[in-house]
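Shown below, as structure tokens, is a lone chain in the form predicted on its own; questions about how it binds or moves come after it.
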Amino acid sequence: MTAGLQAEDYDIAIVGAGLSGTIAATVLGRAGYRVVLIDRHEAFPPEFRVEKIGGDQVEKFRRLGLLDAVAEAAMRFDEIVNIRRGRLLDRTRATHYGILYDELVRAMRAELPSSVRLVFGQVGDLATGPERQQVTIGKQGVVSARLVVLATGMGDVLRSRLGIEREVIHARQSLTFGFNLQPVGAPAFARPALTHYGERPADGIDYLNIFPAGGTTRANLFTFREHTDPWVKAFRQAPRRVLAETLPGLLDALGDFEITDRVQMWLQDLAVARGVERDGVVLIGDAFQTSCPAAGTGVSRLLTDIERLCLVHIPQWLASPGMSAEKIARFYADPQKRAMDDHVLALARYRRNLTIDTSPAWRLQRQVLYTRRRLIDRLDRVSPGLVARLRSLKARPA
């Protein structure tokens, strides 16, 4: 960046070129807006974050015109075998993509249109107001924009400087582990994608996901344990032994395996930003609200943020002068965004209670849930397609 950049004005300045910021810049750039995307990392570093795309996320990427880029960079699989206590629960038959987070960000950055200016540097200061915003990038210069989008993830520095507080709803809500596997005595696992659910509430394990990603077999273990729990230390020191002891049905379902790298760990708070209705700046993704990794809703929520902000609100905001807090508030009050935000928090509570709550009500809930899944799977095997037809009939309007 040169000093001449200080004279350049943009419609939107996006701080943070991770997943949410990069996709937002792509959508806005394709729509013809003048966008500058700012990040301190020219090559995005490996992070233990999103590693699997599935469910409604596939359709959201498709709607944004980015699914082909995801599919090209990822490893596709169309069936997941679901196991509990060594017994088959059912099979999930739907398209999924396994991809490491830095590879996903790299794939999305490759989709940035030439109209988006990608600038590498540390944002040192933000000056916001009802008309134009100033973003200071280290000693390199200042860019001006009508709107600043903060896509800075869970970093608090810029939010704090703007006076935006972060309310922790549930500290250390979940603890997730990631590692690579390879089979012992076989060229490949018989089941490329497998989910093994926890066997006892006392174990604090929601489920173990095993799937192809990054040219290997990846495992994500979702737990509701304290990071100070002695089990955590034992697992990180001897992960294969402790995992086999805690999930005794795993070896029968997967076959013998070894863990080929160090175990990564991600301790997650559930938190939401407060006091966000500010002139000239809007927060998306984890910068606004975090998600429970076990619920698998983080990507769904950030894509909803992007769809509503970039396709609905920003075009309306830029069509008239000013960028007041009143305009910004419309995004946070958006019914579809609010419904997704509420869903994410409700599902986070549900996954935790389903996993570790030992009250009679939740014990019954677990029994009913897993019994129903086994019965539906057996019915579907006896009469293939019957369950899908019944669900289709139920979904039709009266």
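Numbering starts at 1 and runs along the sequence shown. Just so it is clear, the model here is predicted, and its values are computed rather than measured.
Beyond what is shown, the protein has a form predicted together with a small molecule; the following relates to that form.
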Partner-facing stretch of 291-299, 80-88, 310-318, 196-204, counted where any non-hydrogen atom is within 4.5 angstroms of the small molecule in the predicted complex: 291-299
Which pick from 158, 145, 243, 328 sits with a heavy atom within 4.5 Å of the small molecule in the predicted complex? 158
Check each of 304, 173, 217, 152 and return the one that places a heavy atom within 4.5 angstroms of the small molecule in the predicted complex. 152
Within 4.5 Å, heavy atoms only: does residue 232 come near the small molecule in the predicted complex? no
Is it the case that residue 273, even though its partner is missing from this view, gets within 4.5 Å of the small molecule in the predicted complex, heavy atoms only? no
With the cut-off set at 4.5 Å between non-hydrogen atoms, does residue 15 touch the small molecule in the predicted complex? yes
Flag residue 101 as yes or no: does it have a non-hydrogen atom within 4.5 angstroms of any non-hydrogen atom of the small molecule in the predicted complex? yes
Would you check whether the small molecule, in the predicted complex, lies within 4.5 angstroms of a non-hydrogen atom from each of 19, 44 and 57? yes
